[in-house]
Every structure is written in structure tokens, then in C-alpha cells.
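Only one chain is shown below, in C-alpha cells, and it's the form predicted alone.
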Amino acid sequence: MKKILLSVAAVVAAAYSALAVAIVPQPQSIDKHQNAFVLLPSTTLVCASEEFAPLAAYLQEYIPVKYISKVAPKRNYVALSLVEGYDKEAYTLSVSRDRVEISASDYGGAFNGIQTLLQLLPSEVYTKQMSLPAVVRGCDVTDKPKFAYRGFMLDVARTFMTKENVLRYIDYIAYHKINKFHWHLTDNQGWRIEIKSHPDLAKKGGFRGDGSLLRPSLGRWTDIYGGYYTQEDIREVVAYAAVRNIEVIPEVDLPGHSEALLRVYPEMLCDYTNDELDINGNYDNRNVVCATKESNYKILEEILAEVCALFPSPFFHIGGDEVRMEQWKKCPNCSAWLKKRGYTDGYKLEDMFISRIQDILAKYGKTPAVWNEAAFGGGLDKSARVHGWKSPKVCKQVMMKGYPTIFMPQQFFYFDMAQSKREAGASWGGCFDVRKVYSFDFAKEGFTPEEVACVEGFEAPYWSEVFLSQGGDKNIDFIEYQTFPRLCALAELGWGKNGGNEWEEFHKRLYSRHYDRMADMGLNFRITPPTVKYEGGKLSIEKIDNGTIYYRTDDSEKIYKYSGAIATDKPGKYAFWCEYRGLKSPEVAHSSRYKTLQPNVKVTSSMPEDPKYGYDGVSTYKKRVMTACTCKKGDWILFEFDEPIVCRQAEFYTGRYNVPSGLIRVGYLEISEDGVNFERVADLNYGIAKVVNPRPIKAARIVAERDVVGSSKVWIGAPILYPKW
């Protein structure tokens, strides 16, 4: 007994000397005290409410106590108590020597209290293998979220994720009190949900490439790729999320972004001679459902009725974004509909389409949610929820029209965006890391407190165009890296913290405690890279987060542990990074490492140039240019310089920056020292060729080795040439 008491005392002492109360998201009120609770194998988990019974079972997965009871003993228990009078999702958590009690008036409040309790325990609790005894820090928490909607959107249409990985991700967002899971199930690149009345939608529309109905895209060019969820899979995900206080909101994207649907059912297209075939003349690039075919609404009702039955959520997201309305204007029936009513604006036709879909959803007890474009026509019913993604200004516009609005402007919350200029990810919405997410401030964006009171909440989407080229479902680490810790900042904003000046305090909570939690959750999160300084001939760094800093030099493969300032006259030769618990931050270096040469360059090609994006644009080194057609085997792009260029590394690009589309898929790079005789030096990798320490380059040529089927044009980037040291 004496050894047990000494062990418990040691655990308590360690907890108070090593652990700070650093909860993410930060509770509204937390009063710390010294009366810790010691969790033992003999501790009883008390739950008298049937409503909270699933939560007791959930909590027991993390804290290995033996007993669950409806009646509390005198001491040594953890209680989930249903108590009237709390706001929705609000809770109190009281920790004393004798007990831990979570009190709430609803399931969501009790679940939020459990997540705070887990963060008061050692981080090993997230491994589900925490040893006992364990200490719960003494405190009293009074807490509730400011925003009812705290969401995360996962795009599984472009890159399929297995059911198991979806469940895993639901756990990750639940740990951070995210309560909405917006599931983007259909898009141009795939249909991911079984429809029993139309089985070909998933069986054929769920796969692309290698002779399937859908063209290959986004990094898988030669084999068949895809997958879909059975209706039983969907029910399992919905039930799993419900235990974790997460409402699953399905999305079937209409009337645009519907290529997968329309390849299976081409009769749903508008009736006009197609002028958007690919190079072989056998692939229809159109992706918009005809709005005036009555038969389309019958098919859509059959589909939507089945999806509605699978999801208890009162909301159903139907897209409405980026509709290529020129397809409607080419359609004799759609253009006649507009002309008859005196309209020239395609948004009026979209209003009609959305209204018809809204009527269908109403039959099944659902309210539509849409992207902000669907509110532009002015005819969208005011009951519809609008997801504002374009900008804070657009969010405000739709909100002022009276629509319930979810804030997710791309500049702050699109987590598929790269986190710096030299990291993987999309870039069209900007590059930003966790600090930019946390910095979102309604006041700085021009919102009054009264307007903020009308906001329903926040959402961050993860669009998966880049996910597949980084490993896809076989490398879920990449999506974890892109979403965490940015999602931690989203959780803070959704809980009601106002970014801006509180960054340092939030960041400290992250690296001092929450990094350990995320590591034990199994997350491959991004570590903030160190900052590099060069003064007085010495190169030094500041350590931003926990971990150990390493570096390498360009003239050696050896890795060095950083121990102090480095004297050098070539600071750009050194690259630094931080490692923590098996994770590695991005590499950073002095700015001189990234300086490039910009010699005069001329681009020509066997493919004609797009009039709007002519090849002379490459000479500015500021923009990409575009061909007027896709490429065939043997097509080439030639870069010519006035004089041979001497450099330490050369990179030549086709495709959209950091996104595997609009590129030459299979080909090679050859270089010439005299502009006449060429030597093959590198193969293309996702449209890019790189060569280290090349001989002087007078000209470089990219050559295609295959036709590019299903892509209408090729993007071309300016060469990136790094000077010799």
C-alpha cells in the first residue's frame, strides 16, 4: 500500500510540475486549483442517463476503468450528468480529489466536456493505452461554443478515401470539437455513393481511366482508379460520427461539377452538337445538367431520395457552384427558356433548377445548402444555408441578403492550399499556414458585432486535387499535414476566440502541450519551421517549436545537428529544419538560396498558343502560358536563351502550379549547349523535369511521349534557374 501511495504521489507531483492547462479550443472559463483527481483502475464511470450511455462507452475506450454504474459511489468516480438549464453544447467540468463531473443538458455538451477532460490527462490517453494511475489536473471549467456550426469538408470525389480512413478523420476532428462533417461525395472526377435504383452511377461513375467512362486525371493516367461507399458504409460512418457529436451533411454537386453523373447518363446533357471533345474526339468534356429536361428531375429525385434516407441531417448540400452556363446558352431549350422570360442571366436558370431540387428535398424533410454562387441570382429561398467561399466580402453579401451563412473564405480556410511557396498544395487561393487561419478577424474584415451575431459558423474544406499526386489514400499523412494544426485554429475561431493579438498565447498552447496530443493521436501534423537569420557573416536560427534543429549543405549529403551560429559567406548553401517525435518541419534557408536567374527566354512549340495566354508571357517570369490544344505524342515545347546558361539546378514545368492537371503526362527533358544538338537528361514527373548541375543550357526542350487524352490544353511555366554558388 505504501508503494502505491508513493506512486500516486509521484504521478501527482509530475503532473503539476510538467503539465500546464493548455486546452484547444480554449474554454470560456477555467479556474485552476491544486485538488487533482487520480484516475485508478478501480475508478467508477457513472452515467445515469440513457441519452449519455454511448458517451460512457466512448470514454471507456480512452480511460481504462473497469466499472460503469448508474449510481455514484462516495468517491473515486467520473460522472456524466444530465442537468437542465445549460445552453446547447454547453457544459461544466469539475475536478476535485474525490470525483470528476461533467454536467450538460444535451449530448453535445457532454461530449465537449469529455474532450476537455481528455486534454487534462497525459497525452498518451489518445493512444487508448494510457497506464494508470493518471492525474486529472484540478480545475473548474465553464464552457460553451460561440458558433453552432463548426465544420470540416472532405472531398472524396476527386481522390477516394477508404471508409476506414474517413472514420479515422472523424476522430481527429471530434477531438477538436468540430461538430459538422460536410462530405463532398460527387464531382467531375467521381461518384462515390451507391444508388440502388441507379447502380451504374457508382459502379461506372466511381472509377476513371483505363477504359472506364471517366477520363484519367489528377495524377493517375494509365490505370483504373476510384471506389465508392455502399449504403451500409454510409450508415456506419453516420452512426460513428453521431457518437462523436458530429452531424454528417452529404453533398451531391449539381447542376455543374456533374461530369461523373453525365458520363453514366449522357441523356441528361443539353441537346446541342458538342464542341468540347478531346483530341481523339471521343470524350465529352461537358459537366452541366440540362435545366429544362423534365426527365432529368425524375432521375434526380430517385437519386436524392435514396441519399436523403441515409443521412439524418436536416440539411443536404446540392452544390450550385461554378456552373458553366455557356452550355445552357448553347442549348436550344435552355436558351428558349431564358428568352421567353426576358432573361440573359444564366443565374435565373440556375434559380429555377435549384428551386426544383429544393422542392424534391422538401418531400424528404431536407433543407438545401449551397455554395455562394447559387445565391447570386436572387431567387434562392431564404431557408437555404449558404457556404461562402469566395471571400469575406462575398460572405457578407449573401449574409446581408438574409441567408444563414457559413464562413469559409478561401484566403483563410481552404486547407488544400500550400502552407508556403515551397510546399506541396494548391496555390490559387494563396499560401498560408496556421497563423493566417488564426488571424481571421471579423472586425478587420468590416463586420459589426450585430452582423457577427448572424453568422452560423465556420468551415474549412479539403479539396483533394493534389492529394492523389502526393500518395492519395495510401498516404493519408499528406492530408493530415495540410489540415493540422490549421484545423486547431479553426476550432478556436469556431469556439469564439478572436484571432489577431492572441496568436502567441495560442501558439504556445500548441507546441507546449497540443503537439504531444496530436502525436499520440497518430497525426502527421505540420511543425512550424525555424526562422533563419544572417548577420555579421554568421548564419543562425531561432527555434520556433519544440524539437531538435538539423541542417545540411548543398555540397554534402551529411546531416548535422544545429548547435550554434555558423560562420559562412554563402548562407544560401544551408537548409534547416526541425524534427519532433518523428515529424519533420519544412526546410527553410536564407533568402539567397531561392534567388534565381531570369535571362531572356523565347518559347515556341509544335502546339499553337492560346491567344489569351500567349507564349511571350513566359519571358516575364511572372505568369504561366497555355497552348490552344492538348498534346499528341511527339509534341514539344522549346525554351531558347540568348547565351548558354550556367546554373546549379534547372527546372522546367508544364501544368498548373502544384496541381496535376493541364500537363504533359509522359515525356522527357533534353538540353543543348549549342541550340542544335540535344541530350536527354531527365524524365517528366507530374509534368516537371529537374536537372542538377547541368552543362550550360543554350536551349531546353520538353517532348511528349504519349497523347494526353481528356485534357484540352497544356500549361507552360517559366524556367526556374538557380545560379552557381
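So that there is no doubt, residue numbering starts at 1 and follows the sequence shown. What you see is a predicted model; the values in this text were computed from it and never measured.
What comes next is about the form predicted in complex with a small molecule, which does not appear here.
By the criterion of a heavy atom within 4.5 Å, residue 259 is excluded from the residues contacting the small molecule in the predicted complex. Using a 4.5 angstroms threshold between heavy atoms, residue 322 counts as touching the small molecule in the predicted complex. Though the partner is left out of this view, residue 158 does reach within 4.5 Å of the small molecule in the predicted complex, counting heavy atoms only. For the chain shown alone, residue 417 is a contact residue for the small molecule in the predicted complex, at least one non-hydrogen atom being within 4.5 angstroms. Residues placing heavy atoms within 4.5 Å of the small molecule in the predicted complex fall in a single listed stretch, namely 459 to 467, out of 299 to 307, 519 to 527, 76 to 84, 459 to 467.
Exactly one listed residue, out of 652, 149, 371, 353, brings a non-hydrogen atom to within 4.5 Å of the small molecule in the predicted complex: 371. This chain is displayed alone, yet in the predicted complex one of 442, 574, 495, 389 has a heavy atom within 4.5 Å of the small molecule; that residue is 389.
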